[in-house]
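The same protein chain appears twice below, in two forms, each given on its own as structure tokens and labelled structure 1 and structure 2.
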Structure 1
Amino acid sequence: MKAIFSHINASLGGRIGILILLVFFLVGLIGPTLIPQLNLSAANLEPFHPPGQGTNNYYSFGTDQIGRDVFSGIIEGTRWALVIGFIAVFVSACIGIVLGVFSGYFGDKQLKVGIVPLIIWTLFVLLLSFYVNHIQFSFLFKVVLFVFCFLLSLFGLTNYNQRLRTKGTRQINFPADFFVSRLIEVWRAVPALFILLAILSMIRQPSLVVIGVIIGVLSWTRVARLLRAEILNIKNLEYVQAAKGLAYSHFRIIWYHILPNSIRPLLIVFAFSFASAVILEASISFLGIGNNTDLMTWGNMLSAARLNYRAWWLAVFPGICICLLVLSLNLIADSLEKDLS
């Protein structure tokens, strides 16, 4: 971690980026608790008021189409932008790291699975998905239940598999790399923005969390591809070979030796994914699909500017915020990228 930070710190761009990002974090964390709660009763509203002194309040950044203060909105929007970015990065990292490690580390020839446990596990997963699909619970609960049971069974499978190997039972090759690479190919063929819009148009009033999750699910391939390529390089290095020679478990090799050594390229991808998630969310709210206009997100304010081109403050201030956030992330990624490879 220290090495990473010193790397960012080494270049001017990286320092500026970290500074801007920290400001955004601070604003996002404590800003909404500090902003004065504006009186939003109907009599006091001044829609599309330019920056300056209004009859009731001083609007430093003007007001939006129903008279909310843009300055408070930007502070609130900072929090939403960070939430979206973090969720998207988290989801894409979860999927991308698992699949990337799976395909890069095991390749086509090194994942040995017992036939019987594989069949039993597949049947179990099919049954699980069937019952989860048909029980009458909320969608979120279903998803959590499914993921939990799935991971538990996967853990059981790998554990059992390890025991099989020590006993010397016959096992088959599982071409992990083949499947994951094909999956990535299919995923990349589909235009992500189109699918995102299509899915969002189906959901009534999607919350920002849902949007973040969908963006994350749609963008995991970036993480997986990069990690796969990175691991292909790393796994033939001496220290990994040594760890293998010491008969460490796959999990230990991956978690303690491979992932820490590929953290820099991963961070670069995370920064890019974060930035593109923020931009994507702003774009879809700007287009007016699947957005929740009650929330003061940057994208919503920008789309309000479309109603009235003369309300330049609605377009300029949130736009600058997006630019700064994206710029800081790009700068950080850039400083990390220097003299890599």
Structure 2
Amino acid sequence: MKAIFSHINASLGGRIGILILLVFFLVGLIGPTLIPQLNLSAANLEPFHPPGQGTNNYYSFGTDQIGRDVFSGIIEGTRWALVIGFIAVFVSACIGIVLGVFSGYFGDKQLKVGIVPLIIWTLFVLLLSFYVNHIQFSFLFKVVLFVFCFLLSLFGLTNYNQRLRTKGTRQINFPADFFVSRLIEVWRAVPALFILLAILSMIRQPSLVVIGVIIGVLSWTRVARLLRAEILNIKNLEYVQAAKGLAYSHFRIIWYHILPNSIRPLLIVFAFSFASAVILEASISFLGIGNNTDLMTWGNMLSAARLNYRAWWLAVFPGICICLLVLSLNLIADSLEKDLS
């Protein structure tokens, strides 16, 4: 981690990006506590009031279409932007890292799978999909439950097959790289925005957390592709071959030797994924799709600007926040990308 911070600190753009991102974190985390009386209600009834002195209060950033303070909405929208970005990055990292490791480390010939365990695991995934689809819980809980059980069963299948290999049980080659690569190609064939809109149309009242999870599920491919390429370069190096010669387990080699040396390129992808999640959420909120319009998010404020073209403050202030947040993440990613070998 010290090397990563040194790379960021060595670049002027990286320092600027960290400073801007830190400001957003402080505003999102402690902004509502420093300003305890956020004017997020429409009790004052001063819609589309321009920045400046109002009849009842002073509105530094003006008011929206129902009289809520835009400055308070910017603070609340910062919190939601950070939450959505973190959720999307976490979900995409969980899926992309697992599939990228299986594709790059095991390839098409190194993953030995017993026929019976493979059939049992396939039936388990099918039954899990059927069960999760019919349980009476929220969509977010269904997605989290399916991903958790799928990844847990995948690790269990790997460990069980390793035990069967030590006993001399007959196994077949499982082309992990082939299946993951084809899955990535199929997943990337359809634009993520179209899939997101189709999923949101099937959900009655999706929350911003659910939107963040869906964005993460849709954006795991870039993590998997990058990690696969990194592992293909790393797994043939001397220290990895030495770990295999010492009969270390696959999990130990991956966790202690391969993933730590892939942190820097992964952080670059995470930064871009965070920025993409913020932009994608603002886009669907601007279109009036997918979340509660009563929430003051940056995208909802941009959408409200369409109701009155004279209310320039509803477009300028949220737009500046989106640009600055995305700019900071891009500057950090560029500073990490320099001299990357």
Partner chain sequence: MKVGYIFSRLLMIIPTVLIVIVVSFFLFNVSGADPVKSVLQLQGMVDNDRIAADAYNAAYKEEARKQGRHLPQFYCSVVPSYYPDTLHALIIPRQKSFAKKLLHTYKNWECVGNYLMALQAMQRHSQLPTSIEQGLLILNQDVDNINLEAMFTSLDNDILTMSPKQQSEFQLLQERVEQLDAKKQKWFYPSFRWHGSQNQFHVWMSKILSGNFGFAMVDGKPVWAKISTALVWSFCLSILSIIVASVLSILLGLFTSHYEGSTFDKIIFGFLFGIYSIPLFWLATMLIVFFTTDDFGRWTNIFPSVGLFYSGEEGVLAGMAKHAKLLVLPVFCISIHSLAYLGRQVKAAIVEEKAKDYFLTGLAKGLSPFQVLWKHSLPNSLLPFITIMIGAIPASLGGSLIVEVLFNIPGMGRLMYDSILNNDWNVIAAIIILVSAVTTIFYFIGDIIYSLINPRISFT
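Please note that residue numbering is based on structure 1, beginning with 1 at the start of its sequence. C-alpha atoms forming the largest set that superposes within 1.5 Å between two forms make up the rigid core. As the structure is a prediction and not an experimental result, all values here were calculated from the model.
- In this pair, the copy labelled structure 1 belongs to the form predicted in complex with its partner chain.
- Once the rigid core is overlaid between structure 1 and structure 2, residue 90 does not reach a Cα shift of 2 Å, moving by less than that.
- In this overlay on the rigid core, residue 124 has a C-alpha that sits 2 Å or more away from its partner position between structure 1 and structure 2.
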